[in-house]
Ligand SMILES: NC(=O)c1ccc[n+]([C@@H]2O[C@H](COP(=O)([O-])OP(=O)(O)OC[C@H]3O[C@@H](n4cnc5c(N)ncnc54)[C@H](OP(=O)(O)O)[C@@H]3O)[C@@H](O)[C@H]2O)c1
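A single chain, nothing else alongside it, follows as structure tokens in the form predicted alone.
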Amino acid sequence: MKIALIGSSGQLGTDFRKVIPTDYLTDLNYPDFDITNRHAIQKLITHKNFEIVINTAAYNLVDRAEDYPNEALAVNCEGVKNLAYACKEQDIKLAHFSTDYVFGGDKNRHTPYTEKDKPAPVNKYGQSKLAGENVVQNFFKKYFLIRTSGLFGEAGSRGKGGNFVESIIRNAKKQENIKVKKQEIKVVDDQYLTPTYTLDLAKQVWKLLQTKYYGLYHITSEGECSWYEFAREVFRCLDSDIRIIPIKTSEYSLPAARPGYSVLENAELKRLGLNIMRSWQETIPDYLKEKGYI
């Protein structure tokens, strides 16, 4: 099997390389491979005879996208269109990743979204990812379109300087280094999601890619929590006595709105009997061990 892995050095791409046999893979990374360059994509995909293209490349700077929406659209929509066009032309399967941030418009939502729910993004980033989804779904049939949420993995996100777990641990260590007497961090408690370990996600997607069950999928860890509850569980696993203070999103002055509730249900995976995702709580110790914290 010949597989193009776009973004192979990123957070999710790194874990795909642990799961998929290396002799199947061709690693493609920015800036050498740029999905916004249609000519380069067509040339490569035409000559390599790939069976699957896995696209983990994305513009995920949520707040910057509010001021520079065209940057987000260039990658999350136009770049995806380039890939979809080339894959359709060569009859190649495409796996593309989207986000829980395509939801959020329903302010009263308190139950997980399934693949049948209508998206309603509340920020420019979510709109750009939804535009990319529409391209994939309208262009051809041999696709795996995967929405996921709250990713954390060994490599971290280069664009975001790591991930949420790394951010709160870094914050705590900073206070230790300057010998703050009452160590504490503030975390929002009114945004609900499902933190998802990218190694688990990669294993689940690889299982799915070996089928012909094309279509839209929600793939996250099981369960839900607020960012505050997530942080609390991380520090519990670290046996840390740092104080976690819950605050409201309104206390932060951020350019982009965030969904208050964007929990996804793996409904299609379960319908097909393919769901192997663990609870988000189970994955935290594995991540902390992988990173050498415990």
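A quick note: this is a predicted structure, and the numbers were derived from the prediction, not measured. All residue numbers are counted from 1 along the displayed sequence.
The next section is about a form of this same protein that is not shown, the form predicted in complex with the ligand.
Can all three of Q204, S221 and L269 be found with a heavy atom no more than 4.5 Å from the ligand in the predicted bound form? The answer is no: none of the three residues contacts the partner (heavy atom, 4.5 Å cut-off).
> Going by a heavy atom distance of 4.5 Å, is L12 a contact of the ligand in the predicted bound form?
Replying inline: Yes, L12 lies within 4.5 Å of the ligand in the predicted bound form.
*asked:* Check T36 for me: does it contact the ligand in the predicted bound form (non-hydrogen atoms, 4.5 angstroms)?
replied: Result yes; T36 sits at the interface with the ligand in the predicted bound form.
Do V75 and the ligand come within 4.5 Å of each other in the predicted bound form, heavy atoms counted?
-> Yes, V75 lies within 4.5 Å of the ligand in the predicted bound form.
Do L151 and the ligand come within 4.5 Å of each other in the predicted bound form, heavy atoms counted? Yes, contact at 4.5 Å.
Worksheet item: Looking at T114, N171, S157, Q183, which is the one with a non-hydrogen atom within 4.5 Å of the ligand in the predicted bound form?
Response: If I apply the 4.5 Å criterion carefully, the residue I get is S157.
Handout entry: One residue of V234, A65, A57, V263 in contact with the ligand, assessed in the predicted bound form (non-hydrogen atom, 4.5 angstroms)
Key = Filtering the options by heavy-atom distance leaves A57.
Practice problem: Look at the stretches 142 to 150, 206 to 214, 85 to 93, 105 to 113 and give the one with heavy atoms within 4.5 Å of the ligand in the predicted bound form. | Solution: Answer to the contact question: 142 to 150.
**Item:** Residues of 80 to 114 having any heavy atom within 4.5 Å of the ligand in the predicted bound form, listed in sequence order
**Value:** Counting only heavy atoms within 4.5 Å of the ligand in the predicted bound form, the contacting residues of 80 to 114 are F97, S98, T99, D100.
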